[in-house]
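Here you get one chain, nothing else, as structure tokens; it is the form predicted on its own.
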Amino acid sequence: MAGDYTLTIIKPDAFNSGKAGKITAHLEQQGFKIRAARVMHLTDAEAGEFYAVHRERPFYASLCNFMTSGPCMPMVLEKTDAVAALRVAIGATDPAEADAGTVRKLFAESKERNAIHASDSDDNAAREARFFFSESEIIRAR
């Protein structure tokens, strides 16, 4: 999966405000192909496990609370150098600092309610994708 695949999550703020379709369309226009997707509501345990890497950070509890506040939409995306390409496409964490035309500039409400998660490395992309999807659920390019 490394290299051409990454994981993203349309977060509850964007999903609940009807922006999931617009974000998905924006990513497809940027050349990403959706290889797996689902809508789900994370449990406390799932959010805690997924964001365990941040457990010692001061924002961990509020992040977990936010991610369990409503439905979200994890997706596996495919594109050459997918992790780096997605990080560019979504923009800075704070939408006020994000470049024009990025997902966060267009759709995020604030630094905390920033519409979308993106894996930060190939290793994390593979781990995070396996958290939400089995190998058989991810459509591979032929």
Ligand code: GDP
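Worth saying up front: this structure is predicted, and the values here are computed from it rather than measured. When you see a residue number, it is the position in the sequence shown, counting from 1.
What comes next is about the form predicted in complex with the named molecule, which does not appear here.
- None of the heavy atoms of E46 is located within 4.5 Å of the named molecule in the model of the complex.
- With a 4.5 Å cutoff on heavy atoms, F32 does not count as touching the named molecule in the model of the complex; it lies far away.
- Although the partner is absent from this view, E112 contacts the named molecule in the model of the complex, with a non-hydrogen atom inside 4.5 angstroms.
- Interface residue remark: H41 is not counted as part of the site for the named molecule in the model of the complex, having no heavy atom within 4.5 Å.
- Taking A85, L63, A98, A36 one by one, only a single residue has any non-hydrogen atom within 4.5 Å of the named molecule in the model of the complex, and it is L63.
- Looking at 33 to 63, the residues that come within 4.5 Å of the named molecule in the model of the complex, counting any heavy atom, are Y51, H54, F59, L63.
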